[in-house]
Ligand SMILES: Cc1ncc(COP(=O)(O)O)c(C=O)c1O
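In C-alpha cells, one chain follows: the form predicted alone.
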C-alpha cells in the first residue's frame, strides 16, 4: 500500500503532451491516499464509526436481497422513501436518498452553485463541504466560529454576497461535537425575509447526521422555509457506514430538482434493504446509543484526568485539545498509531491551531486501550523532555 502522490508529470498515462485535458481546478485538489494500513486488532476511532455491528435482522435482510442482485435497485429509493417518511414524519416527496450524506453534499453544490460562486462555511467544520465546492471550481468562504465553536451570526451575515449560494451548518458540528441552538438556526433562516439588499438569499443546509444521538432537529421547518435542506445519515447512529446510505429532507420542489441532477441508481439494492431493516428495529439502535452515551461520559472524564481539555459533545465522538500537555496533536496521533490506535488529527485544519484531535467513542475495551496508549505517550514525552 503506497501513500505517495502519483507523478502525473510523466508520460505513464499518456498525458505528457495533453496535460491541459485535466481541469485546472481538479489539478489543484489534494490527492487521496489510503492512509496507514490497520491490522485486524487495531483500535479504529478515527472515522467516527459506531463500534457495534448491525443487528441480525439487518444482516439477514441484506443476505436475502443478495439473491436478486441481477436486477437494478428501485429508483427514487423505492420503499425506503416511504419508510423514511414514516420515521421522520415528512412526506415521501420531501425526501431524497443518496449514496451517503457525502453524495448529497456534492449533489447540493452541483445543483445550486456555479463555478466562481460562493459557499459559506463556519469553521472548523466538515471538510467535505469545501472539497465539494472546490470540485466544481466554486469558492469556499470560511467564517471563524466563536471561542466555544458556536456560530457567529453577524460574522456569517457580513460575508454574504450576491455570489453566496449555499450555507452549510453541521449540527452537531464535526469535529467540535457541539450543538447550535434551534433558535440560532431560525434566526439565520429568518434573514431570508429581509429586503433583497439585506437578506440571506441562499440555500441553508443543516447537516443532522448525528440526529439520533442528540435528538435535536429543524426538519419540521422545511415547509416554512423553502430554502432549508436537512441532511441525515445511516452511517453513525445506525451503524451502517459500510453501506453508504444518506438522505435529505426538504421542500418538494427542491427535492425534485435534486433528483433531476442525481444519478438514476445512486444507492445499491443491498443498501436500500439494509436501511429499511434498520428502521424496523429502532430499539436496537436506541440500545446501542444508550451505551455510547454512557461510555462517552466515562471516556471524557478519564481524558480530563489525563490533563486534556474536552469539549461538550452531542455526538458519538469527543473533541480534544492537547495544548495543556504541551504536545501537538500531530505528535500524539503519531505516537498512538505506533501502538495500532487510530484517532483523527485536526491540528492546523481550517479554524484550528495545532492542538486538536477527535476520537470516536468505542467499546469499553477500545476506550481503555486508547487511555492506556495516551498515558504511555504522555509519559514518553516527559522522559524526552527530562
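In this text the structure is predicted, and so the values were computed from the model without any measurement. Numbering follows the first chain given and starts at 1.
A second form of this protein, the form predicted together with the named molecule, is not displayed here; the remarks below concern that form.
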item: Contact residue in the model of the complex, chosen from 313, 233, 133, 94 - any heavy atom within 4.5 Å of the named molecule; value: 233
item: Heavy atom within 4.5 Å of the named molecule in the model of the complex - the one residue of 269, 227, 81, 244 that qualifies; value: 244
item: Proximity of residue 176 to the named molecule in the model of the complex, heavy atoms at 4.5 Å; value: no
item: The named molecule contact at residue 222 in the model of the complex, heavy atom, 4.5 Å; value: no
item: In the model of the complex, residue 101 touching the named molecule (heavy atom, 4.5 Å); value: yes
item: Non-hydrogen atom contact residue 207 with the named molecule in the model of the complex at 4.5 angstroms; value: yes
item: Among 300-308, 115-123, 269-277, 236-244, the region lying within 4.5 Å of the named molecule in the model of the complex by heavy atom distance; value: 236-244
